[in-house]
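Okay, here we've got a single chain as structure tokens, the form predicted on its own, with questions on binding and movement later.
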């Protein structure tokens, strides 16, 4: 240690404990900012950010301005068409802004007024909570840019922040989600249930010979998530006290005009949508790669061996016409998505160009499935007003039919209107079931399916081909 370091350390020994702790925190925050700056100095193969030109000069001294400029560019294109260099600018500007927030907060903790005054105009702390602000900057940077070049740096920063942030109060957060077991489903068209966990050979036999949906009980017996995810406090702990931002679908169905999406802190998602018995609106964390976003959750799940079986090549004409099938890539590993929401969240009747294992971890879901041969009776949508191809989604809102099947209050007039508007729909063959905790559902390629949460529900889907 240098003489200067020894003198500084000696002086701090005589400070009150609280003051000394603040100096130590300031040192750690400054150190993390240096880690970010050093990481940004490392080159990334294939980067095209130099095409941004003059905005690059803003990155170190005015990253907030660079962020706003990059965001304007991201909003000027459909998401899939944003030029790579503008994504990269947003990715890097987010890290520079995070580093500046850290330097500013380090100065606050140490009482360095000259640095505070110099950086204050360049640092925007929404609501006065610097911890939430830096997480928001980083999460938006990852999710809006894709973090194609700096992903490891982002993950390292999030990991370091875990030890630097004060714990958030958990007042009012219960030790377990409230889930009520629904009544058994009385149906003449049940999804086949295997009460024994199938091995690879047994499941491959089902694929080769049955080619139908199948529920497998006990398939998640080895998953830590079946116990750990019952506790909302556990999930908050893995999301930096609920500070991490998650994309939430707000509205009844994504086909409704008033449906929208918000990027909000996980704690807000929990307290506004998941925990209230009667939330003011429906919020759904749907089809999100939560495990890439929050890697610590990966340890709680196990990819089903079924995803490594080989589905037979279909010769069925209706299956081969599955929307999107002609453009999907061969997957090297399954696509994994999380589905977390309160009772009443719904995914409208739709089809996917992959085979799917839907694993029900917490709570209960009603599912109804139609084979590809019934496609004409389900009235697929076309191109919507925004130019988005929606042919994988049915025009028929079957939520009223689901309510009738579940023995709940349902609207006969709404059902009559639907069946008058879509006369072939009543002829369509289907299977239905209530998916229970610990079960998984195999959804074959091209099968249409409607899903509705009957309680607080946490599911994980695995797509493969």
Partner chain sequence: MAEVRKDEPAHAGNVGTQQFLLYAAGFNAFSQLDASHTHDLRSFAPLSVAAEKEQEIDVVFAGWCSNILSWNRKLWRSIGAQNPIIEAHTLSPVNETGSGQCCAVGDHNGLRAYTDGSGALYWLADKKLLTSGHAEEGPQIGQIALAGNERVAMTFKAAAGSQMCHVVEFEDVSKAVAWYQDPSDPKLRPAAHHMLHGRAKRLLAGTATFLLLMEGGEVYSWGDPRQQSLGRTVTARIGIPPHIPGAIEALGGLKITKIACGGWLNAALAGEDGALYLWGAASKPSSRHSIRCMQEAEPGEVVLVDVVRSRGHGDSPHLVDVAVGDAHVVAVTVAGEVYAIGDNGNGQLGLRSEDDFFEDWQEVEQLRRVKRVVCGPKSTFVVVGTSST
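Note that this is a predicted model, so its numbers are computed, not measured. Residue numbers count along the first chain shown, from 1.
Omitted from view is the form predicted together with its partner chain, to which the following refers.
Visitor: Would all three of 53, 76 and 86 be in contact with its partner chain in the model of the complex, where contact means some heavy atom lies within 4.5 Å?
Guide: Each of the three qualifies.
Visitor: Given that the partner is absent here, state which listed stretch (295 to 303, 338 to 346, 268 to 276, 120 to 128) has heavy atoms within 4.5 Å of its partner chain in the model of the complex.
Guide: That would be 120 to 128.
Visitor: Quick one: from 383, 313, 376, 183, grab the residue that has a heavy atom within 4.5 Å of its partner chain in the model of the complex.
Guide: The option sitting close enough to the partner is 383.
Visitor: Which of 413, 57, 420, 427 has a heavy atom within 4.5 Å of its partner chain in the model of the complex?
Guide: Contact check passes for 57.
Visitor: Hey, in the model of the complex, does residue 65 get a heavy atom within 4.5 angstroms of its partner chain?
Guide: Residue 65: contacts its partner chain in the model of the complex.
Visitor: Since only the chain is shown here, I'm wondering whether residue 396 would be in contact with its partner chain in the model of the complex (any heavy atom pair within 4.5 Å).
Guide: Judged by the heavy-atom cut-off of 4.5 Å, residue 396 is well away from its partner chain in the model of the complex.
Visitor: At 4.5 Å between heavy atoms, is residue 71 in contact with its partner chain in the model of the complex?
Guide: Output for residue 71 is yes: heavy atoms within 4.5 Å of its partner chain.
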